[in-house]
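Before any questions on binding or motion, here is one chain by itself as structure tokens, the form predicted on its own.
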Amino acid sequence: MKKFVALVGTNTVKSTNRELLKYMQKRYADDAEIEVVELKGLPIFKKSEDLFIPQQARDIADKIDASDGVIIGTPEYDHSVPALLSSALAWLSYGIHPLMDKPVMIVGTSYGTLGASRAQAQLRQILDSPELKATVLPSSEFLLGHSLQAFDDNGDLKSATESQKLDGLFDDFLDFVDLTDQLDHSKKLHEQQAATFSWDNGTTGDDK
């Protein structure tokens, strides 16, 4: 059985993105073990001379390392990902590289009609950055709009159409994880680049 880490990309107490990830955890329990992981509590990213990384970030990195893939649930704030999620990804690329070549599925909810579409597009760009180099499921977006009305009292999606769409994307992700496991040529190069990267002399990520 596959093991996935699902990152809640917000610190909002009542988040429909968290609700969606918990719904996936329950719905796909026969296909994968999904651990919903909170990012709240992480400090805002700050570069230090001693490359200090908060223990919470290291713990999340260890969970990602031990997983077969990652699911990220992101809301959209001002047409972009939340500062918490951006900061967390900065910590996860600061001397550690748990997302490198890791299969990632992106989902998102919003109170309006767009379903975090711009945030998802931005998140794809971030995950493709040289310091992260995640492998994102292509041509797939799960955009859940009007999310405050989307779930019933049991935490299940009310719309059969939305559930079926999510089912199809999750099945694709399961296949995608198996496929990316076979693509190991670039992985070796990425590992070598990560091992020799210097934050003082590196050609990417110098502003961190």
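Numbers for residues come from their place in the sequence shown, where the first is 1. If you're wondering where the values come from, they're calculated on a predicted model, not measured in any experiment.
What comes next is about the form predicted in complex with a small molecule, which is not displayed.
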Q) T109: heavy atom within 4.5 Å of the small molecule in the model of the complex? A) yes
Q) Would E76 count as touching the small molecule in the model of the complex under a 4.5 Å heavy atom rule? A) yes
Q. Does any heavy atom of Q25 come within 4.5 Å of a heavy atom of the small molecule in the model of the complex?
A. no
(Q) When the contact criterion is heavy atoms within 4.5 Å, does R118 count as touching the small molecule in the model of the complex? (A) yes
